[in-house]
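To begin, one chain is listed below as structure tokens, in the form predicted on its own.
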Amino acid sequence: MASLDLSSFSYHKFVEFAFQEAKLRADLIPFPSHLPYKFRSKDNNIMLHTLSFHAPPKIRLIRSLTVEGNSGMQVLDFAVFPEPEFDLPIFCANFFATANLSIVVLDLNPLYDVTIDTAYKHKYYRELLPLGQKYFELLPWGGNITSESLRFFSPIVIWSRFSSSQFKYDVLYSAFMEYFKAWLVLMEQAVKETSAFQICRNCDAQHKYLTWRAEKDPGHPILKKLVGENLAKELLRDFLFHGVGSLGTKTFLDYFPEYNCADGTVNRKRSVMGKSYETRPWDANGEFIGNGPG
């Protein structure tokens, strides 16, 4: 297939669809501590654009970051985080594209590890398995993924690397639309938790996810290169993964002590367990089969 012409390519189409669709189901209110803004990278060649809202009582934060310009790269980071009174999955779309290569993750990230918590898996993913199957062949598994990252993914995750093309772009857009509509249905059906214990448990689970992403997010090097270390850290903690400083007090090493170095610093490796999965580790029924090496 021919490479993708980035001059006519944009992830804004995805963002516009998502916010328009969300407005049909919820009253979006600009997020109090975030102002929508556009800013340029250090070399002025890349434009970064942010948008964020909340929608009480169920959506704590819905936000997007797009990166585009004349450097031959396009990025979308879109997510929706529920209020702790709901154990809803976190909607996650992380897309990176050049003219020749696209790397994508699309998922309803579970609050709880679905390789262990079968009740949570059945609650949210059993009826969505056919949706995942629809796209697994069109957007095939992208190769090794670490066991550390896998605990934050669901059986319907789309993790893929492919040659960029208009056809694949259209398939990804279709998958994004269907996955987001599926999340919105779950959101509408969600019942508010009344147990203080369970609310605290949900809050801790979301904070653990945010802490992992803020520390180990693979997009950090790109942001650092574009806007510098200080602004990159600010974007990660205060925008992309807002809540890491307010939903809990535990540190990264509290949640993930296996990353503790002898001097008390965080191990910079992406994986310390050394196990990865070359192929999809769930079968068609969403059962974990762990078919990775080592």
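When you see a residue number, it is the position in the sequence shown, counting from 1. Given the structure is predicted, the values throughout are model-derived calculations rather than measurements.
Only in words, not in the display: the form predicted in complex with a small molecule, which the text now covers.
Proximity to the small molecule in the model of the complex, defined as a heavy atom within 4.5 Å, holds among Leu138, Ile222, Cys203, Leu131 only for Ile222.
Interface residue among Trp212, Phe167, Phe162, Tyr173, judged by heavy atoms within 4.5 Å of the small molecule in the model of the complex: Trp212. Picking from 92-100, 187-195, 174-182, 115-123 the stretch near the small molecule in the model of the complex, with a 4.5 Å limit on heavy atoms, gives 92-100. Contact with the small molecule in the model of the complex, defined as a heavy atom within 4.5 Å, is made by all three of Asp77, Ile145 and Lys275. Although the partner is absent here, Leu111 sits far enough away that none of its heavy atoms falls within 4.5 Å of the small molecule in the model of the complex. In the model of the complex, none of the heavy atoms of Lys13 sits within 4.5 Å of a heavy atom of the small molecule. Taking the partner from the other structure, the small molecule in the model of the complex has a heavy atom within 4.5 Å of a heavy atom of Val105. The small molecule is not drawn, but in the model of the complex it has a heavy atom within 4.5 Å of Pro218.
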